[in-house]
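Given next, in structure tokens, is a single chain: the form predicted alone.
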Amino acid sequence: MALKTLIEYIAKSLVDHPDQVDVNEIEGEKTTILELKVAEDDLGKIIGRHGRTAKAMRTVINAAATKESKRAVLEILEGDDRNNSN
């Protein structure tokens, strides 16, 4: 299963606005960076209490990436960075 698909599935299962879940995958030679954006009011659901949900998601993608002899990094982005051009 692709890491991007895995994170999308997990995130959409957790949030109230699954249509606003956006995952951007940046492939490197040994590392894959996954940028996760969700609706602002869903950010707390993704991070969880004391970051437990985010930590669990990172553990799952690292396990999946290890199968492919890669390293995976999950970045949870706050807000919409495309609108912050000022």
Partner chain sequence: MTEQFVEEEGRTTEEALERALNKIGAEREHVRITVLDEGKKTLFGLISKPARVRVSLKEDPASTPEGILKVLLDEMGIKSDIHTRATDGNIYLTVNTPSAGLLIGRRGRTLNAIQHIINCIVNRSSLVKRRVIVDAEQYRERREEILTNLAHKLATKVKSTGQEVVVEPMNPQDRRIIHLALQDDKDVTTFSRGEGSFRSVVITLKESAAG
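Numbering follows the first chain given and starts at 1. The structure displayed is predicted, hence computed values, not measured ones.
Not on display, but discussed next: the form predicted in complex with the partner chain.
Work out which of Val21, Ile10, Ala72, Ile76 lies within 4.5 Å of the partner chain in the predicted bound form, going by heavy atoms.
Checked against the cut-off, the match is Ile10.
Is there any non-hydrogen atom of Leu34 lying within 4.5 Å of the partner chain in the predicted bound form?
No, Leu34 stays farther than 4.5 Å from the partner chain in the predicted bound form.
Is the gap between Lys30 and the partner chain in the predicted bound form 4.5 Å or less for some heavy atom pair?
No, Lys30 stays farther than 4.5 Å from the partner chain in the predicted bound form.
Even though the partner chain is not shown here, does Ala56 get within 4.5 Å of it in the predicted bound form, heavy atoms only?
Answer yes; at least one heavy atom of Ala56 falls within 4.5 Å of the partner chain in the predicted bound form.
Would Leu43 show up as a contact with the partner chain in the predicted bound form if we use heavy atoms at 4.5 Å?
Judged by the heavy-atom cut-off of 4.5 Å, Leu43 is well away from the partner chain in the predicted bound form.
For the heavy atom contacts within 4.5 Å of the partner chain in the predicted bound form, list the residues of 16 to 30 involved, in sequence order.
If the 4.5 Å heavy-atom criterion is applied to the partner chain in the predicted bound form, 16 to 30 yields only Asp16.
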